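Presented below, as structure tokens, is a lone chain in the form predicted alone.
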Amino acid sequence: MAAIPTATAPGLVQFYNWIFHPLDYMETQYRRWGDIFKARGTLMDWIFLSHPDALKYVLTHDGQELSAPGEVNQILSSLLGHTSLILLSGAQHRQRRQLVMPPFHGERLKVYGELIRTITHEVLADLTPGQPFKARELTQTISMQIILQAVFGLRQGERCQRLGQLLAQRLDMSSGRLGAALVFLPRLSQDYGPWSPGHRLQALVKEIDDLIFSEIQACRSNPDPNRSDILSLLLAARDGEGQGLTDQELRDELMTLLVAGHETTATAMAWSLYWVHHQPEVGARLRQELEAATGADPIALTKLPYLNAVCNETLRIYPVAMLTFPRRVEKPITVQGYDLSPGEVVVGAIYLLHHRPDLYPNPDQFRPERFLERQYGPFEFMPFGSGARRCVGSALAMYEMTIVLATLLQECELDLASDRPVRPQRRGVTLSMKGGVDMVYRGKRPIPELVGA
């Protein structure tokens, strides 16, 4: 059996390119090697897959042949905590997942629809006509408020404001070149004295933890069955043996929801604002659909076909999560004609999958119509991953993305400040954009019913 094609550049060069130029790195290897290739580098010894059949096999065979061990995600422990769902394995992971899933599905989601729209209104109220702004900063503000209210249950107040500021600072420390280095080279996060990034990071983490643990204790001491925030629901959750989450486990899950829910959704919403203004025909068609839905409740907005197509195409062209969570080979398997040995680590290259010309003709073109013309399978389009490690908050993320984008386009006039293309750029472990998208707020849109009155 032939050996898996292996990238030939020195390991440190590959590692550097993966951290600072991840899309170029994947595209270069794909052009040379095709659907399967092995990368080598510091902290990086992975087999990349991008064919739907290979992904289906790997992501549906968690068990004896393959596993999804949490320990391969240890580089995230300083950000999320050691008891985060993302770092758990096996039965412990399945049990925790069952505990945290309910708040993100079914009737629970409907509770958050009006809250999302209200928060968007409140953030818009702070803008004045002619004001320039960065799209990602706007969506980050909206997403942070949603997290603080829907997840933590915090309303306006000193603790809410302070926690929001600190969390934003913590996430900013994980972005950019230094942030990527802090994530991928954990030793840099250690405290080497007042001059070191690790010292500032540890002080920030302690202040955040003090606030989060205080909020957990306050909720435990004064349980309120009428509260619908996710913290309250997680406090009440019990496993089959009647055990709930400890304070540390709650803290780590809240941090996981913050990073996985706030950072990623803010980026996706900013990209969607860019695309609907960069391509006027897309914006015109979407506004036409939204005008016809004037007065609709938030849940109805989430079901609009073209709005969903725009959001899906946004998540396709530059997926915030570039890779699936790693799988480890436990028994010899064959994938795409290549033998994989126990101990080897496999990742699904979501970005490469989403840019396959056989699935997405002209893949570099932003074209929402493709999602109206074709129904993509779960291993052809997977912005939230798949299998046992699929994002637990994917449904809430789509709710947030569709409702916020619809509200912004229905209620205000926005323009791009420049016609220069916006380029993708790594932000910590995710894919974001360079510059944050410069825009201008022109003012409120006229209410359709009053036009011509």
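All residue numbers are counted from 1 along the displayed sequence. All figures in this text were calculated on a predicted structure; none of them were measured in a lab.
The same protein has a further form, the form predicted together with protoporphyrin IX containing FE (HEM), not shown here; the description that follows concerns it.
- Leu201 near protoporphyrin IX containing FE (HEM) in the predicted complex, any heavy atom under 4.5 Å? Result no; Leu201 lies far from protoporphyrin IX containing FE (HEM) in the predicted complex.
- Partner contact for Cys219 in the predicted complex: protoporphyrin IX containing FE (HEM), 4.5 angstroms, heavy atom: The answer is no: Cys219 has no heavy atom within 4.5 Å of protoporphyrin IX containing FE (HEM).
- 4.5 Å heavy atom contact, Thr302 to protoporphyrin IX containing FE (HEM) in the predicted complex: No, Thr302 sits far enough from protoporphyrin IX containing FE (HEM) in the predicted complex that none of its heavy atoms falls within 4.5 Å.
- Task: Would you check, heavy atoms only and a 4.5 Å threshold, whether Ile86 touches protoporphyrin IX containing FE (HEM) in the predicted complex?
- Result: Taking the distances in the predicted complex, the answer for Ile86 is yes, it comes within 4.5 Å of protoporphyrin IX containing FE (HEM).
- Name the stretch, out of 329 to 337, 93 to 101, 231 to 239, 121 to 129, where some heavy atom lies within 4.5 Å of protoporphyrin IX containing FE (HEM) in the predicted complex. Going through the listed ranges, the match is 93 to 101.
- Though protoporphyrin IX containing FE (HEM) is not shown, can you say which of Trp275, Tyr306, Phe325, Phe379 has a heavy atom within 4.5 Å of it in the predicted complex? Result of the distance check: Phe325.
- Task: Please pick, from Ser386, Gln410, Ser67, Gln425, the one residue with any non-hydrogen atom lying within 4.5 angstroms of protoporphyrin IX containing FE (HEM) in the predicted complex.
- Result: Answer to the contact question: Ser386.
- Taking Cys160, Val205 and Ile212 as the candidate spot, are all three within 4.5 angstroms of protoporphyrin IX containing FE (HEM) in the predicted complex by heavy atoms? Judged in the predicted complex, none of Cys160, Val205 and Ile212 sits within 4.5 Å of protoporphyrin IX containing FE (HEM).
- Task: Just give me the residues of 303 to 324, first to last, that have a heavy atom within 4.5 Å of protoporphyrin IX containing FE (HEM) in the predicted complex.
- Result: Stretch hits, in order: Leu315, Val320, Ala321, Leu323, Thr324.
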